[in-house]
Every structure is written in C-alpha cells, then in structure tokens.
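Read the single chain below, which is given as structure tokens and is the form predicted alone.
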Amino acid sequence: MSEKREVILSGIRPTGRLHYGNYFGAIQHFIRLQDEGQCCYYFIADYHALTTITEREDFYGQTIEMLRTYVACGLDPEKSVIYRQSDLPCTAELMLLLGMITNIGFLERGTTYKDKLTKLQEDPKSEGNPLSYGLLGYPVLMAADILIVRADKVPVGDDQRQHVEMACDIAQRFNSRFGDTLHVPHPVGRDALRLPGLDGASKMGKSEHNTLDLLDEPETVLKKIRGVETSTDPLPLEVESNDPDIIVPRMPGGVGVLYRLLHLLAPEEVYLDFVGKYRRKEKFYGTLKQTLAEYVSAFNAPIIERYNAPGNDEASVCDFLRANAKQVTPVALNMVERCRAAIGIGHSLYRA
C-alpha cells in the first residue's frame, strides 16, 4: 500500500513581474517539492492582491504573465495543481463561515494589520486604505485558502508565518465548537534566502521598485546592475550567521546583493576571485558589475525563451487554469459542505 502524499499549499500575489527574490525565496522550492512527487497546490492570490488596491489594475494580465513565468522557470501544471484564487469562489464562502467564529481582537493582533495601522497613524495622508475590512480579515481568507484543500504543510517565509499560525488557531477553534471537521496544517519555513534590493534595502520587492526581474533582457540587466550604489572604501567582510558560505560586505548601498547574486550564479572560483579583490581593496566594481550582468543574462535567457515558447502563450495558460480549477474544485466544495453541515446550515441545495 503506497504512502499517502502530503498536501503542500503556497501562493503568491499577482502584483508585478517575478524577480530574483521570488525565484530564490519561493519558486525554486516550489519546483523541488513538485519534483519530489508531493501533492502540490500553488495558487495565484488575486483576492489577496485587492487589499492594497487604490484604482483598477490589470490583475488578470499580471496573472497570465506570472503563470507563464512560473512555467518558464520549471513549474509543471501536469505535476502541480496551479489555479487562480478567484476561480475557486467557494473559498469566499469558507472565509465567511470562519469569520463568524473569529474575534476582532484576534485579528487586530496580526502584525501586517498593526504595521499598516501604525504607518497610517504616523502619516494620515498615506496612500491606500490600510484599514479596510479586507486587510483586517486577510488572515481569515488565508485560513480559508489553506483549510479548503486540507493542506498538510504550508511553506512560507517569515513574514507569513504568523498568518499560517492564525489559520491553525482558527481551525482548532472551529473543531472545538463543531467537532473534528478541519484538518490543522503545519507551518513550514522555506529556509528561503532573502535577497537585498538593488537599492541596498533589506528586501527585494516589487513595491520597492528595486528588483532584478527574471524576464529582464541583457540591456535592462546591465543598466540595473550598473545603477547599484557601490563604495570606494570597503569595510571588513563578515559571514552571515545563517549562511556561513555567503560572505557579504558590511557596507551601505547595494554591494551586498552583487555578492549574493554572484555567489548564486557564478562558478565558485569567479566568486572567490572577487572576494579576494575586495579584501585587497582593489578597484574592481566596474568589472564586477559587467561580470555579474553576464551571468544574470545567461540565467534569464532560457527562462525568456521558454516564456515566449508557442506552448506557453495566454491560450495555453488559460487551458491549464481551467483544467486545474476543475481538479481542485471538488476537493474545495467537499470541505465547504462539511463545514456547513458541522455548523448546522446543512448541505447546499443549489449544489446538490
């Protein structure tokens, strides 16, 4: 008798082009789990993206581009169930049911909500609507995403770990009131590498406009890397405690990301040669940027080629979205019906 496969769930918001932070922080882990034969559900969190919306955006177009990039990177819609959050409307129904047993005080302890509340108090004229119902209820929607497919493990970065823990709390609260209905997942750290931004910020992110994108052409790559701030006065090298193999210059600006990227993409001897130049305080930043740009463009080239391949066009993406939505829908509907029955509403007559 074969061992039951674990159900893995993760998602990403369609808020712009995928970049190197996305790849090394998430995508490569998605591909590894897929290739290990796990039952993987990966969804595009277009509902979650609405928590920051201030005007109409082309989330559909961004979703298609993101999925084409996923496939170009190696995510296989035949091995993984890849779907849009909004193509599973029963998730919203489960969110409503879970929201009925979730206390406001519990949601107000969410760090994302508290951070945006603090920013609004500091700057009342800040853009967006950080105090929306959608933002406050973000953890409930995320709980619905996780619980509706009976996920066993949810690989997330540190910034999302609290939301998964809140999902576990909500599931346990539901079960304690209505009986053992929801499967409680296990939050799992991705052990992800967080890349600094090209501007020297601690994180590469779309909203910070400091990314190196997976679809950047060589000219764009070189322009972005040449624009990275460097210093003529190197500081002592230090080894990060969480990864002793990566030596990062302790200095302002974006030099750290140059070394990180070189370590990830170039042969070890090339990386160590530039570490030596740094230690000797040579003048080498121009050569470093040119060399790194060549390795980045070489990494991007096959992704761009597969992105533009005939079998990875919009029509093909829509086909597998429809097929995968049909595959996950029965699992999701079964879970919603179980919750309805547990609460006492009974099964949906519409879906009967």
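From a predicted model like this one, the values you see are computed outputs, not experimental measurements. Whichever C-alpha set is largest while still superposing within 1.5 Å between the two forms counts as the rigid core. Numbers follow the displayed sequence, beginning with 1.
Not pictured, yet referred to below: the form predicted together with adenosine-5'-triphosphate.
The single option of C39, V317, A26, A293 touching adenosine-5'-triphosphate in the model of the complex, heavy atom within 4.5 Å: Exactly one listed residue reaches within 4.5 Å, namely A26.
In the model of the complex, the residue from K277, R226, H183, R194 that sits within 4.5 Å of adenosine-5'-triphosphate by heavy atoms: Partner contact (heavy atom, 4.5 Å) among the options: R194.
Answer yes or no: in the model of the complex, does adenosine-5'-triphosphate come within 4.5 Å of a heavy atom in every one of T15, N22 and S207? Contact check passed for all of T15, N22 and S207.
Can you check 114 to 122, 266 to 274, 218 to 226, 159 to 167 and let me know which stretch has heavy atoms within 4.5 Å of adenosine-5'-triphosphate in the model of the complex? Contact criterion met by 159 to 167 only.
Just to confirm, K203 within 4.5 Å of adenosine-5'-triphosphate in the model of the complex by heavy atoms? K203 belongs to the contact set for adenosine-5'-triphosphate.
If we fit on the core, is the Cα of D152 displaced 2 Å or more between the shown form and the other one? Comparing the forms between the shown form and the other one, which are aligned on their rigid core, D152 does not shift its C-alpha by 2 Å or more.
Does E208 shift between the shown form and the other one by 2 angstroms or more at the C-alpha, the core having been superposed? After core superposition, the C-alpha of E208 moves 2 Å or more between the shown form and the other one.
After core superposition, I'd like to know whether D87 moves between the shown form and the other one (criterion: C-alpha shift of 2 angstroms or more). Superposed on the core, D87 moves its C-alpha less than 2 Å between the shown form and the other one.
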